[in-house]
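Consider the single chain below, provided in structure tokens and representing the form predicted alone.
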């Protein structure tokens, strides 16, 4: 018989996970359920091909500690079960604009009302739209179990396609985002087969902080869907940091600076196309931070 548990407290949820993990690897693990927007389609596909699929669930939707957005000193904490609709409605600094823009492109309104930030991270899809903005924000993942709590950088938490550093008895409880200067701005751009309701072919999140002298004080650039894990372009960031933000800078975004990407060939696009598209999106993102007439140069 399938198991469906719905604890009302974080303590009860962690205790349940610990008990299930203690049964050994031969037992079916509990699948954590929040929005269910990834679990149910995956389950349906496996069932259609007569493969094993999740049967035992731990529903965390009734745990109040996992919802909401709050400040912790200078940091902002977003509960793991916070929905995309909650993020769009929240009053957040301009540095978080990319995260809000990504939230508005994750499925339709029904998906945004159900899907959660924590689920998008734990699912660890290379094309997860929420991950590039979070990487640009230097996000950390707050994790809890009956053994204690820990916090790890998102960049090391996601280890590959559908692979994370989460143990079987652990639960992601929040995403921790450090404070950013009020002058920091961010942008999210996504390329798909159509404008909405589509998996990304390539996505780009860019966070930029411009100094009073017009130079780039800080910049973070992350590309999604072009490697097994969304990837920060550290070499390109170093190339642009400290430079004046003007149209000539766009020409500094050269193909060689995208060699760190390892895109795959699949039904949506070739690896060559993805790498070229990533460069174009980065150039367009830079142009968006400049004067309107610069935008036509970006392509």
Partner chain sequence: MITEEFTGAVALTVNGRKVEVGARPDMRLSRLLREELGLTGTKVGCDAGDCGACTVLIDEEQACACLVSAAQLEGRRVQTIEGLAEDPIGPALQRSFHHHGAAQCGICTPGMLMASLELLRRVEKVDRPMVETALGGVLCRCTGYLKICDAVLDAQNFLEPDDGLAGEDVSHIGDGGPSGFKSTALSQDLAAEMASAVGARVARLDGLSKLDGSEIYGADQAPEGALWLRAIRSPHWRAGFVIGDLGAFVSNEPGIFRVLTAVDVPGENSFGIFPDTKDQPVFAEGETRYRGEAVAAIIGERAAIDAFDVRRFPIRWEPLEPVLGIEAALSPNAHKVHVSRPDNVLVRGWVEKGDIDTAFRDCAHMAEGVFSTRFVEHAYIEPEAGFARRVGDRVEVFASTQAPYMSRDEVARVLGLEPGDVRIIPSACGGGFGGKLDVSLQPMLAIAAWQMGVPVRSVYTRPESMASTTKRHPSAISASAACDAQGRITAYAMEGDFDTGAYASWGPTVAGRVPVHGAGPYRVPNVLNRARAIYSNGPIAGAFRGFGVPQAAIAHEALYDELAEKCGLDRLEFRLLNALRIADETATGQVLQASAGLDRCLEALRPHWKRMLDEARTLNEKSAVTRRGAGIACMWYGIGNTALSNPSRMRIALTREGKLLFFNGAVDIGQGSTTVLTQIAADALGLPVSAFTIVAGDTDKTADAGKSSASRQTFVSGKAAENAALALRAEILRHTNAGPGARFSLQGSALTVEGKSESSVIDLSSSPSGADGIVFEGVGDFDPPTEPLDVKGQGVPYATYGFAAQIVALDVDMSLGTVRLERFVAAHDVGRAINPTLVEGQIHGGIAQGIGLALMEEYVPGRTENLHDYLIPSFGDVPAIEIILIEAPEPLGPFGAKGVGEPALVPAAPAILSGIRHATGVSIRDIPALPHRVRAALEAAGVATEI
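Note that the structure is predicted; figures quoted are calculated from it, not measured. Residue numbers count along the first chain shown, from 1.
A second form of this protein, the form predicted in complex with the partner chain, is not displayed here; the remarks below concern that form.
Relative to the partner chain in the predicted complex, residues 160, 234 and 241 are all farther than 4.5 Å at every heavy atom.
Look at 210 to 218, 130 to 138, 194 to 202, 150 to 158: in the predicted complex, residues with non-hydrogen atoms within 4.5 angstroms of the partner chain sit in 194 to 202. The closest non-hydrogen atom of residue 61 lies within 4.5 Å of the partner chain in the predicted complex.
Mapping the unseen interface onto this chain, residue 41 counts among the residues with a heavy atom inside 4.5 Å of the partner chain in the predicted complex.
Using a 4.5 angstroms limit between non-hydrogen atoms, residue 270 touches the partner chain in the predicted complex. In the predicted complex, residue 111 approaches the partner chain with a heavy atom inside 4.5 Å. Listed residues 254, 52, 248, 259 were compared with the partner chain in the predicted complex; 52 is the one with a heavy atom within 4.5 Å.
Of all the residues from 2 to 18, those having a non-hydrogen atom no more than 4.5 Å from the partner chain in the predicted complex are 2, 3, 4, 5, 6, 7, 8, 12, 15, 16.
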